[in-house]
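Next up: a single chain in structure tokens, the form predicted alone.
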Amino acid sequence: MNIRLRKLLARFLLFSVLSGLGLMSMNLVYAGASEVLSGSRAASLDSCVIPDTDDMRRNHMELLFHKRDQTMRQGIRTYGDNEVSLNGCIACHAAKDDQGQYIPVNEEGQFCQTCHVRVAAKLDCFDCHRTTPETN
């Protein structure tokens, strides 16, 4: 085997190992994450829209992208308590403060912001979308 091919193979193996370690550490980060905050509607429920919490953690962006595509590109708008949508997530996971007012989900220590900081993901949904439910 020539030297160029060996170097390429070595880089590929190193990249594969590092990628695997990255995924393992992400799972450890998720394992310690709490998606339910006291004072939120979610704290009083037995399960989420998708009962498998690990599945929701791994795939929430795909679910939101699917919903976005249905709404924005196909004109399909559905509403309801068990809806997979950004509004549905916020309505359920936004916590209230001592005065009974909703705390924005992107504030420090809140539902969305906490996990996004852990995984170093930019949280730009709220450049356009509400950070609290529409009604108190």
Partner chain sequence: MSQVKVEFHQADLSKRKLLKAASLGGAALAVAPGIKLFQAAHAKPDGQPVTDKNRWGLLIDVNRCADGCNDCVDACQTENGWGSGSTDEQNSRDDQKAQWIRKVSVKDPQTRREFNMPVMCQHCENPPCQDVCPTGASFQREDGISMVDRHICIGCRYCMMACPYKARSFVHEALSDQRAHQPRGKGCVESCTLCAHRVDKGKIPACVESCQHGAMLFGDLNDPQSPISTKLASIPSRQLREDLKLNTGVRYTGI
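These numbers were taken from a predicted model, which means no experiment stands behind them. Numbering follows the first chain given and starts at 1.
Here the subject shifts to the form predicted together with its partner chain, a form of this protein not shown in this document.
Residue M72 is the only one of L45, M61, M72, I50 with a heavy atom lying within 4.5 Å of its partner chain in the predicted bound form.
Residues with any non-hydrogen atom within 4.5 angstroms of its partner chain in the predicted bound form fall in just one of 37 to 45, 93 to 101, 64 to 72, 107 to 115: 64 to 72. Looking at A120, you'd find every heavy atom of it more than 4.5 angstroms from its partner chain in the predicted bound form.
Contacts between stretch 113 to 128 and its partner chain, counted in the predicted bound form as any heavy atom lying within 4.5 Å, involve D127, C128, listed in sequence order.
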